[in-house]
Structure formats: structure tokens, C-alpha cells
Ligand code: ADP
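Encoded as C-alpha cells, the following chain is the form predicted alone, with no partner shown.
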Amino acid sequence: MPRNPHYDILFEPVQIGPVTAPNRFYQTPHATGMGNMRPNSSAALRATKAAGGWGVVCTEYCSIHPSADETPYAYLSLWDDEDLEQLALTCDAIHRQGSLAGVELWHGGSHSNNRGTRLPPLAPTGCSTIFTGAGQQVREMDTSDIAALRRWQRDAALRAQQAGFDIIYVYAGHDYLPFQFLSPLTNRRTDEYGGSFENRARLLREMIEDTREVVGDRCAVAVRLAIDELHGAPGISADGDGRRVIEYLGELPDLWDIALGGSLGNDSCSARFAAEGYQEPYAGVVKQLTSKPVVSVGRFTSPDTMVGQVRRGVQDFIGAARPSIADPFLPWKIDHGHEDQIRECIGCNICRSANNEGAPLRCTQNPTMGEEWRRGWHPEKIAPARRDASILVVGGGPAGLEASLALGRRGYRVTLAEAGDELGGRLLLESTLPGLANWIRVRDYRSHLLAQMGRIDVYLQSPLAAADLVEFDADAIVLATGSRWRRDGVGTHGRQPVPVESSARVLTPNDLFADELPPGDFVIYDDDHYFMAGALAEMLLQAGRRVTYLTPASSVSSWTAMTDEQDFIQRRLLQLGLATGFNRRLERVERERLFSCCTYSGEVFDYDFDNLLLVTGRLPNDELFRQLSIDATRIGDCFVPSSIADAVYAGHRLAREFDEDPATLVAKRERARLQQLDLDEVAMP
């Protein structure tokens, strides 16, 4: 289909110093959890983005020296020529698709734990490390250290140029080392690199000039700047020193990449706490103060929003990390008139959790993310069916929808039977919780494409019994019947059922979704630790109920620290009046009173309640599977309850592997290069 002329502005080339981006789609630097340990996986991932039409494709953070080490987290490095060789692979893969390649040179300063290299961390002012523990302190840099830092930046920039990168970053965002010099909150020096604004900005200016001197007119120099660290005075703010940085250095680099906040959680804020384009007020400030191109992120998925950003002069590029993960072919789809088929980011931040866990990237919407090299999966291509076969998929939740869509794309005849009157499964419930409306996009994307496919029949209000499945006589049966929340208190910490009096009003999330709220106040016991208990607490507080939140953990929704949401969730709930009891393990439940004990001391605490809401573990809805006398395959929560991302992945993997030779399905592994040991060196003298 031809491109909608309204979107032509998004495909204009843009000059960035000595290089030209072919369009305005700019994949900003983002972590992959692969780093220098998985160079093939990393190169394949970035190449897929370039093939999808992103005019600029950048790496994740790339350490310039062993004193910037984040072991066990995965990061890139340009410490030596072997690193150069690895990154040249990524550059070449990006260039072959016609895109520019950018590298984000990085030094973490006090954010570098250096657990791998065991070098003392560095910072403008002596302090404890961000990664506190074992009494480790940060060494205050003297002028020789600053000179060394500048040399490391120059050396890494030269290697980046030799590797083939077109855009080379000076990274002064997210509270990393150059930014630590900028902010009065982390710079208490009294020499020429501290005190006045000009002194605090000196290092950033020098690093830009050093990088420019090394790369000459062959590469563009970009600066990633946190325009506002969101800590208030005396920190960096968009109407204070953040603005002054642009006024002072605005014409020095070739591009400004504007970030937000002193942490990644602010810059990649989840949909629960920020709408699309939420960084516009900050990027717009920069665009008014410099003639150089500006890029910023904002979880952009709507082409109309993108056009508005450019036409209104907010920024020159459409910056994206998470939307480019959810749909690497987003620009291609707009270019070819298929914007209705964009796989929109839902802002759940499962992608952020991968990096925070030290694991390869994954995505709720895009099950092929991170599997481009390892399994050879392409987000828009799939192998044709091996034979003509009919497949019955039971259950229209995340796993069933993805399995049906992917099987249909392969060319199989698919019947999708859903017991309810609407597709979506758990998404129908969870997307009604505060801030989670975007989660329904998982359903909408798949149901929209299913409706366009001729070999897929969808039947709603179609509960099936075991006899119905036998009578249907499909070549294969796939069960995706979901899960239900437990009532016995078994969860992450509690491994044994909790004694509960039969007269106690004990509820699960399923009860709250199914019926009107019962009268009275609530005690929530959270032994799941992801989003559910916190979101239900917010819903109840908004409904005017008093809520007490108990958990064996030491914070609200503790696992959401992995998705960079925990601080936001706990702050909001406390502001709404949530009462909390941390490190509390549920022991027993009487009619209107529960008893818990401290997870450390064993001290007993009791609480009166009108309603006790248990958010603990889940059980698979696998009764139909156990009643069957014929073979069937369970996927998603029906097989093992987990996240929506895991359910979608399970449905996709089933479709990819259906009828395939198991011997061909073994995932490739990245392997370290082996070297011969010198046994004389390890022998006793």
C-alpha cells in the first residue's frame, strides 16, 4: 500500500553533522542484557531494527575503561581492539540495511560497582557507591584522574570510529560520570571542576571537544543529557542548570539526545505513570535553544503523535527504545501504509526487567525480541506450514491469541474457541486496573490481524468439554485456558497452605474482578510481589476503602523494582493513604482476624479485617486437559502461570515449532573463545 502523505515528514533525511540520517526514526541507546558476552545476538537484534526502517540504530551503554564495570549486568565495552572487532560486527549489520550506527560511550562513575575488574570506583566527590555494600567507597578523582578519563574517552571514540560507527556519544545522562560533575548534588569540589556552573560544566565541554578532535569530520558527536534530574533544587532542572547547559554548549555537539531524571526509571517511565509523549516539555526547551537536531523518547507508537512532535518543533527525530523493541518494523509499516498493524508498546517495562535481572531482552508484545540470532526468529516472517493440518486452540487469552495468529500466518487451518463473549482472557481484567489500560493492546493487535485472515475461525461463547474436543477431530489440540488465583495462601514465601476458618471472608483477585466490591475495608496480603496487589490496592483506595497492605517483602510490589516502577508505586499508594506491614508472613486466618509473624524475628502481629484479599500464587486451569483421552498441548498460564510476556512467548514458540524436526530447534549459544592454559603458571613454585 502507498504511504499516507500525512506521514511524509517522518521520512525526510536529516543532517547530523557530517552524516545524514535517511529518515526521522531514531532508535535511541537502550540496554539488551546481551552486552559484550553475546555479540552475535546483539548484532542480529540491531540489524533487525535497521531492516525495519529505523534510520539511526544505537547500541546500549558502552564502557570506555575497566573502571566502568557493571558486572553482573551486561554492557558493551571498547577497552581494546578485541572489543572493536566485536562492535564492528554490529556496525556492519546496521550499515547493510542502510541505517546509521551510533555508540553510547559510557563511564558510570559512582554507578559502577566494578565487581568484575575490582578497580576502585571513581566520582567527582568521595562518597559511598550507588551499589552499597561491603563498606565500599568511591574514590574522589584528582586532576590526573580527570585527565585519564578524557584520554579514555578519546581512545574509545577512536576505536568506535575504526569499528565504523557514524554517531559517537558523550553520555551525560542518568546520573553517570559527566552528569555527576554537572550536578551540585554529586559535585562538591572546590577546584576548577567544581563550584560555579562553568566549572561543573567544564568536563562535559572538554569531553565533547576531545571526541570531536578524535573523530574529525567523519563521525557525528552526540550528547545524551539529563535535562532535569527531578530532584528539585539544588539539582539540575529544565528551568535552571539544565537549560544553562544548552545555552552554554548548545552548538558544540552535532546532536542532543535529551533524557529525563537521574535514573532510568524516569526516562523509561511505564505506561502506568506516564502517557505517550510525556517528555515533550523537556525536549521542547532544548529545541528552542540550539540549531542542532534534537531527539528524545516518549514511548511513541502513534504516527500522528510523531508527526505532531516534528511539525510543532518539539524535536527533529522520533526517539524510541521500547516502541522499537515492541515493533522493530514500525517505520516500515508506516512507510508502506500498514500503520494499523503496528505492534504497539504497552509500557509494561518487562524489557527493563531483563536488563535489571542481567538477562537477555524480552518483550510482552514481541515474542521474537532477543531471539533473532539464537532461534532465527524474525518479527514479521515465519516458515510456511509443513502440511495441511487443522488445529483447535481453546482459550482466547494472550497465549491462545498468539498461537492462533502465528499458526495462521504459517498457513495452518486454525479454530480458536473462547468460552467468554470477548477475546483477551486475563487482559480483559488486568487492563481495567489503574494505569494498565494500554495492556489491552496485546489483545487488540492480535484480534485485529486474526479478523483479516481467511484460514482462522474465531468462535466466542464456546465453552468446550472433553467430549467436544474429541468430536471436533482436529489434527492437533492446543489448550490455553489460563489460570486462577489461589485461596490457600501458597505463594512466593509461603510454601504451605495457611489455616483459614471457613467463615472468614477471604477473596482473591478473581472475586474482585467477577463481582461488585463487598462492603467494608480490606487487608491485602501480597506474596506475589508483581503488579497485582499494588494495583488492586490503588483501585480500592480510589473507591474510598481503607486498605492495609501486608507482605513478607520489605516494600510494596517488590518485584517491580525490576521494571523500574517500585518507587512510583509505593509513593502513589502511600500518598493515597495505604497502611503497610512489611516483613509479615501470614500464619493463620480466623473469622475476622488474621495472624502474621515477622519473617526475621518470629514476632506475632494480628490484624482485624472485613475482607482479606490474598494475592499469592496461581493454579493452572488444566481440568480440561486432565479429562482428555486424546493428546493435547498446554501453553501459557494453563501449563505454568507466569507473566503475560511468557504466555505470549509460549504461544509463539508452539506455532514456530509445530511439525518441525526437534533436532533443528536447538537454540544457538554464544561461546567464549578458548585459549590454551599455561600449566607452568598455575603450578606450585
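From 1 onward, residues are counted along the sequence shown. As the structure is a computational prediction, the values presented were derived from the model and not from experiment.
There is also a form predicted together with adenosine-5'-diphosphate; it is not shown, and the following applies to it.
The stretch in contact with adenosine-5'-diphosphate in the predicted bound form, judged by heavy atoms within 4.5 Å, is 414-422, chosen from 198-206, 85-93, 414-422, 590-598. Proximity of Gly102 to adenosine-5'-diphosphate in the predicted bound form falls outside the 4.5 Å heavy atom cutoff. Proximity of Gly173 to adenosine-5'-diphosphate in the predicted bound form falls outside the 4.5 Å heavy atom cutoff. Contact check for Ala160: every heavy atom lies farther than 4.5 Å from adenosine-5'-diphosphate in the predicted bound form.
Interface membership of Arg426, defined by any non-hydrogen atom within 4.5 Å of adenosine-5'-diphosphate in the predicted bound form, is confirmed. Taking a 4.5 Å heavy atom cutoff to adenosine-5'-diphosphate in the predicted bound form, the contact residue among Gly319, Gly489, Pro398, Pro253 is Pro398. Looking at 473-496, the residues that come within 4.5 Å of adenosine-5'-diphosphate in the predicted bound form, counting any heavy atom, are Ala480, Thr481, Gly482, Ser483.
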